[in-house]
Ligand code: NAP
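The chain below stands alone and is given in structure tokens; this is the form predicted on its own.
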Amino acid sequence: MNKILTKPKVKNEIITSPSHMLDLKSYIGGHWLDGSGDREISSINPADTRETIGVFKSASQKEATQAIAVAEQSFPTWRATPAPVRGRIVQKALEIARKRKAELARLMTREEGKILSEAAGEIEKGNNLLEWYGGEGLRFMGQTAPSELPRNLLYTVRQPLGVVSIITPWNFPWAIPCWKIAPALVAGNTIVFKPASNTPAMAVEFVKILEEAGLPQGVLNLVLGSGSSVGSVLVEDARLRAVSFTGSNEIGKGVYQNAGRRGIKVTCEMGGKNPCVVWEDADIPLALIGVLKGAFGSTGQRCTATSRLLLHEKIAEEFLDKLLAEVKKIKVGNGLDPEVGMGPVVDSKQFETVLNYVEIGKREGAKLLFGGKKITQGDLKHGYFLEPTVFDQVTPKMRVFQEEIFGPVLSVVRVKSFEEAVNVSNAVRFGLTSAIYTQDLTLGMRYSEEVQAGMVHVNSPTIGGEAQVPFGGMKESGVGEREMAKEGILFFSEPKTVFLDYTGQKRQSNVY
């Protein structure tokens, strides 16, 4: 069973020695430059902290302000570029990214830590988004409507917003920039892009690909920085017309408040504490695969991770026995090794956060069935490696039930009835995604209707999404419009209604 976490989709791509260290820079107005901040920041391989992927000088408010000014200057020309032409540039970027898929996946594994098959999967997901939004250049259209008056043409068009800022996290350093930047570009906006400071190399490669694809200078600007000083400029500058953010609830709420009070568009995709219900009639082998993928794929570092497992009491013991047998088989290590099923936590801060939650769970009375310890054998002592962790006898009052841990920690709750399963699923402040395993179609449909989540999976894991459908959640999992699909490009544009009277003569209008 554990092969679902270990068999890579990319073969013969293992790096046995680290590549040269990358010189990482910000990109403003078509020029690569060092930031003027007082910090030099290193991107470290979380599987082997002896390896530095790259180093960059942090940008300051100066570079953030400069990037916004350049984007503002570039906007009129880019806006006037026909939408199909804008879409073709994104399609050209897709062609380049497809040719470089294996190389990009290796870089992601080294910089972020996820195993090579997962990294390759993320590159493919991002490429699917580039494909979708490249095509949207031919579908960037409005509507016509019948007017109440004769010889009147009533129609709408969609227009870009202006300068937008895009702030992305470290856990999906390719896919999330794709699903934000591609629609923003196709809609005709100019962009200032700030990635997470611990995955800058992936952001640099993304910008280079768009540069190679023919994106004009000044349309996309990259600011590599850390801390609130740069972020505050990219939220509060009066020239910004929209902010798109993915990250923690704490920061996201501040982004929404500070940008939203200026009356501009804001979308914030934030946390998740996602339930997976395994019912008494579930296909147990299928559910095991889904829970393993959902809980321990990407080392649990995804907002869609399965962090709460709700088991019907009649099958709870059987399922847990089989689950623990598979969890114990998961090989933890460097994701470039094809036998490894789970990589490291991304950095020291997240490493300590997850370990702290394990201690909290034990103090609160949850039963630790497996894991919860750091791994220090051999070369793993040089990385941020944790055992996959399973808690049983968790109650809704416990912090490990309520709070997003963002690591390989699964909390198990027993339920007796469908109503209890729904109530327990909804008993958190988040509502991003959810899953239920059952062979009863009626039960699956009822759960889909009653669970408070933006996305529902029936007989599949809580993780995953597709380019052509919206991504996002309810409650504190997000504010603003959904992302991906048509919703993504709608966020980065606004409609304009045109009333065209072609009577050619004066008349009294009864329109009010």
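Residue numbers here begin at 1 and follow the sequence given. Since the model is a prediction, treat every value here as computed from it, not as a measurement.
If you look for the form predicted in complex with the ligand, you will not find it shown, but the lines that follow are about it.
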{"item": "Close approach of Val340 to the ligand in the predicted bound form, 4.5 Å, heavy atom", "value": "no"}
{"item": "Asn128, heavy atom within 4.5 angstroms of the ligand in the predicted bound form", "value": "no"}
{"item": "Touches the ligand in the predicted bound form: Pro275 (any heavy atom, 4.5 Å)", "value": "no"}
{"item": "Close approach of Trp179 to the ligand in the predicted bound form, 4.5 Å, heavy atom", "value": "yes"}
{"item": "Selected contact from Thr246, Gln91, Ser74, Thr438, since only one has a non-hydrogen atom within 4.5 angstroms of the ligand in the predicted bound form", "value": "Thr246"}
{"item": "Residue among Gly271, Gly383, Pro183, Pro160 with a heavy atom within 4.5 Å of the ligand in the predicted bound form", "value": "Gly271"}
{"item": "Complete contact of Phe296, Phe391 and Gly465 with the ligand in the predicted bound form (any heavy atom, 4.5 Å)", "value": "no"}
{"item": "Interface stretch in the predicted bound form with the ligand - options 247-255, 105-113, 119-127, 148-156, non-hydrogen atom within 4.5 Å", "value": "247-255"}
{"item": "Heavy atom contacts to the ligand in the predicted bound form at 4.5 Å, residues of 160-177 in sequence order", "value": "Ile167, Thr168, Pro169, Trp170, Asn171, Ile176"}
